[in-house]
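Presented as C-alpha cells, the chain that follows is alone, the form predicted alone.
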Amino acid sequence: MSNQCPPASHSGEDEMPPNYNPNNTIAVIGAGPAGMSAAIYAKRSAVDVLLFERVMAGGQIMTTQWIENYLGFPAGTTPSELVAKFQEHIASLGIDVTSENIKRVIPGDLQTVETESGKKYKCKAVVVATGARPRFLGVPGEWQLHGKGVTTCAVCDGNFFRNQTVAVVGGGTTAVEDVIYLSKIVKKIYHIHRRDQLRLAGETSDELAKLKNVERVFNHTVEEILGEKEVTGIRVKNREDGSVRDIELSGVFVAVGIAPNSDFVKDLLETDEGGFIVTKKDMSTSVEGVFAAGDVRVTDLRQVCTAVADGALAGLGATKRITGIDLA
C-alpha cells in the first residue's frame, strides 16, 4: 500500500486509488523529533503514514547552536547532524515528507486533514506534533544575533557560556529557573525584568535570593542587543527615570515565554490557558482519534528526548486506534 493518503478532489468526493485504505492511514502533522518518532512507530506497526511539514524537517531544534545530553552523542552534536539521522531513519521506512501547511482537522470516524491549499486527506488517526515557538523581545539586534549569543534555551545552550557573563530576560517561572540553572555554570548573570519585583514565594524565592553571582536589573526594559558577529552587550532602560546604560556580556537568554503552534486546532481540542494541548498518558486528546506529541502539548520538560518519547507513545496510540492491538 502507498505510504501516503492521496488528496480528495475539490468536488468533495475522495479520489481513492484501488490499493488505498484510509482506515489504515495515520496523518502526522509536523516533522520535528516528535512527529518523526510518531511516524516511525506507526510505520513499523504496518500502518501507512502521511507526514506533513510546513517549513523544514527538524522543527525548533534547528534554531539551537548545539545539542547536548542526547543519548548516543556523548560529545554532543549539531542540530543538522541529528536531524539528518532522523530523516535517514524515516526514509529507510519509505516515509515521505509532504510540504503542506495544515489549515484544520475535521474529526470523524475518518479524520479529515485540510491544507491551506485546499487539499483534503482522509485518515483514521491524526498526530499533532507542530511544536512551539519562543516569544521574542522584538528589539534591534535580537534576530540578527539569534544563535550567535542570543538564545531561548538555558538547558540547551547554557554550557556554551561557562564562566562567562550573561543576561536572563524575563520575570516568569521559566526565567527564574533559567537564572538558577545558569548560576551554576556562568560567572555572572544580570537578571533583567521590566517590573520591580518577581511574583515568587517559598523555596524558589529563597533559592534565588542565595545566589551570589546574580545582579538584579529590575524595572528595566531591553532596548537593544549589541554586537555585530556575536553578542557583546545589552542596552537597558530604566522605566522610572528613563536612563539608559549598556552592560557588557557574552550571551542573552530570552525567557519571556513560548507559544504553541496550535492555532489550527484551538477550537477543536482542549488546551490550557496558554494554548498547549491537553493530553492523556497515551498522548490522546479530547477528540477521539486525535493525538498530540512534543512541545505543542502540556508538559513539564521540552527537550529532544521527551519529544521523541511523546512521539513514540502517540504513534503507538494512533496505531492502536486502527488495529485495536495494544503494542506497548
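Since the model is a prediction, treat every value here as computed from it, not as a measurement. Residues carry their position along the shown sequence, with the first being 1.
Below, we refer to the form predicted together with a small molecule, which is not included among the displayed structures.
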- Per contact check vs the small molecule in the predicted complex (non-hydrogen atom within 4.5 angstroms), the hit among 71-79, 223-231, 190-198, 111-119 is 190-198
- The one option of 95, 258, 102, 217 with any heavy atom within 4.5 Å of the small molecule in the predicted complex is 258
- With the partner left out of view, is residue 144 within 4.5 angstroms of the small molecule in the predicted complex by any non-hydrogen atom? no
- Item | the small molecule contact at residue 271 in the predicted complex, heavy atom, 4.5 Å | no
- Query: Might residue 172 be said to contact the small molecule in the predicted complex, defining contact as any heavy atom within 4.5 Å?
  - Reply: yes
- Task: Mark residue 85 yes when one of its heavy atoms lies within 4.5 Å of a heavy atom of the small molecule in the predicted complex, and no otherwise.
- Result: no
- Note on the structure: Against the displayed form, residue 81 vs residue 142 by Cα, in the predicted complex, with 3 angstroms or more change: pair is farther
- Query: Closer or farther: the CA pair residue 303/residue 173 in the predicted complex, versus this form, with a change of 3 Å or more?
  - Reply: closer
